[in-house]
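One chain is shown next in structure tokens, namely the form predicted alone.
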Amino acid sequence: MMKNPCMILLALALVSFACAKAVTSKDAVRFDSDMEAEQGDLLKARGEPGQNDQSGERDNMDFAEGKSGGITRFEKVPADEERLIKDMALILQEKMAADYPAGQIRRGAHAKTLACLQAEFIVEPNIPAELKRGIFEFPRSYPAWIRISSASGTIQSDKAKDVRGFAIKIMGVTGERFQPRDEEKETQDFILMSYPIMPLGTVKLFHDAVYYTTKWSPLVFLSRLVMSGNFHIINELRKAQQNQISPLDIRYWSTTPYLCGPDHSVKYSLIPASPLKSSLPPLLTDHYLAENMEKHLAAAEASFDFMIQVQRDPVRMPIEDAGVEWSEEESPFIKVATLRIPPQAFRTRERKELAEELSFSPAHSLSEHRPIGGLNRARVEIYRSLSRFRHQQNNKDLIEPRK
């Protein structure tokens, strides 16, 4: 069976659907007994997309069953969502096993690290009272790690247009956890990308993209979008892929919503604030993005304003469809922190290894900032499954950095 090598994972899978290249799958690696049992459970969930769709919504507590700490009052869970999430986890795990030999498993998405950077996350002193929750309650500085990446599931040249990811892991964060049994106990992850929306904004759309792109071809999925009249999605997928000047000079968005305390749902954005700006080289090279960042951080620090946007209207600013951009006119972004990246050498073997060992997920969170909405519910489950699979196959322990 043919598979698309550029199919990326969930929230950042969108760029792969324009790629028509395919490769023949390899034999899957052997699983340990726990993974075989998990795979058996997932196989039972497998079926043609939408075969069990129902018009109603599942009871919130039925869906949770301890997996996501319950469902918030902001969320509405489609009836067949859990099956679709399990199916995606299995498909993506099988693809990772087929694409890489055991011991050399790479991420199913964002395979190429552009930089692994040490940083400082500095909470502002003058934040609106409604946003003083969790990590933003008091002005304070936290150490952080950043992984900047290209979204494609295969490692490719920086010359290839792509979405870029910006994942922040803040350390030394204490408080009630979103998921108390999570592997990480004192981190807060914020995961952003270089486009304001997720064009495939629902679990159903993402499941169909993963299923048809992987099991058939990207053209099959694109043809389904055309036949269903979703030309705007195809256009957004195309616009999301760009040749950026430098990852330190562009804006990022969370695209998916989160809580800020029990009363507000929010989205995040990073806006570059560095005085120094890079320029696009006259001839793009395979590593020009890393090279531009290297030049920047050899000369000066980089910085971003970390911003929060509060949901003001549940209809125009939906929780369950990340394909809808929340209007900045209706709800402007508010600065709540500064992300400072000091000058540093990052193109080293140690940083490359650390980038592969680190695991980023919306689940690494305080309860006050818990992820909400369908795509986040999917990411929480799928990221955990694939991260454990990757680390086990590579004989690496899951780590929680402390500094």
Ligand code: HEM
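A residue's number is simply how far along the shown sequence it sits, counting from 1. As the structure is a prediction and not an experimental result, all values here were calculated from the model.
What comes next is about the form predicted in complex with ligand HEM, which is not displayed.
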| item | value |
| --- | --- |
| Output flag, Lys95, Tyr100 and Gln392 jointly within 4.5 Å of ligand HEM in the predicted bound form, heavy atom basis | no |
| In the predicted bound form, the residue from Ser254, Thr187, Ser152, Ser246 that sits within 4.5 Å of ligand HEM by heavy atoms | Ser254 |
| In the predicted bound form, the one of Leu289, Val266, Ala209, Met88 near ligand HEM [non-hydrogen atom within 4.5 angstroms] | Met88 |
| His296, heavy atom within 4.5 angstroms of ligand HEM in the predicted bound form | no |
| Ligand HEM contact at Phe346 in the predicted bound form, heavy atom, 4.5 Å | no |
| 4.5 angstroms heavy atom contact with ligand HEM in the predicted bound form for Phe166 | yes |
| 4.5 angstroms heavy atom contact with ligand HEM in the predicted bound form for Arg177 | no |
| One stretch from 276 to 284, 142 to 150, 296 to 304, 122 to 130 that, in the predicted bound form, holds residues within 4.5 Å of ligand HEM by heavy atom | 142 to 150 |
| Heavy atom contacts to ligand HEM in the predicted bound form at 4.5 Å, residues of 294 to 328 in sequence order | none |
